[in-house]
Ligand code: 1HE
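In the block that follows, a single chain appears as structure tokens, in the form predicted alone.
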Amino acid sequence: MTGAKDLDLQIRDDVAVVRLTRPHKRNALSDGLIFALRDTFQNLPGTVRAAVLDGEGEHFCAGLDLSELKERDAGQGLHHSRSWHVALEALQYGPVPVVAALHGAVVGGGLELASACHVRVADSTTFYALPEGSRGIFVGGGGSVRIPRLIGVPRMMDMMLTGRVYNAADGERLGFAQYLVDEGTAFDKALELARRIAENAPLTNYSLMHALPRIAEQPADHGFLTEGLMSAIAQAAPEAKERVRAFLEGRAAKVSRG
């Protein structure tokens, strides 16, 4: 598989650790690497219940590998962008939740990749940027859809128009990441969260990944119906019934202050 050499997959019990391994390129995204990500997430072993996405070296991902940027006509450019959409949808709407461990550059296509994950943990070295505006190009990996859902259209527009860069603290405050941790600890925190997520009922995790984002985009009456259907399906699962019994019989921990 072209690009597979730039991606490493390890299975740690029920958690898949997927790592970009192009540190000499600041983990810039080649087409081969994008397709390797697609194939990896589409073919995770059935025993996996959560995943961590990480980048080797000092940076998570510095964006599109511009050395691969080719002259394309409009049709070719459209098909190329759509192929990236398919790949990143394999993360967002794949079989298991994905926790991103962010550090260093989360730039351009790297930010598009991070925004396709479900939980993002950033360490204090993380910075965010969308330099496409200064390159004479436009986002093409789903960023115009996903990133405004995190930070809003005006902030994304400002980033692309002015080249604004957000640091780790500001990025966490705005919504790029849900967690901010000390330098060098993003992977450990991401793995901890992935292991916690893996303990959930698989159908509940699947419902959160696939139904919740869509419900948020539906008119209220459609959303209520979708919610009702997903609630009925999730609670009908044998594992859900056992978990409720365990709680009622005092065999499961109650929620306490964090």
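Since the structure is predicted, the reported quantities are computational estimates derived from the model, not experimental observations. Position 1 is the first residue in the sequence shown; the rest follow in order.
Just so it is clear, the following notes concern the form predicted together with the named molecule, a form of the same protein that is not shown.
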{"item": "Whether 62, 131 and 137 all lie within 4.5 angstroms of the named molecule in the predicted complex by heavy atom", "value": "yes"}
{"item": "One stretch from 139-147, 179-187, 89-97, 118-126 that, in the predicted complex, holds residues within 4.5 Å of the named molecule by heavy atom", "value": "139-147"}
{"item": "Partner proximity in the predicted complex: residue 168 to the named molecule, non-hydrogen atom cutoff 4.5 Å", "value": "no"}
{"item": "Contact of residue 26 with the named molecule in the predicted complex (heavy atom, 4.5 Å)", "value": "yes"}
{"item": "In the predicted complex, residue 66 touching the named molecule (heavy atom, 4.5 Å)", "value": "yes"}
{"item": "Residues in 98-122 with any heavy atom within 4.5 Å of the named molecule in the predicted complex", "value": "105, 107, 108, 109, 112"}
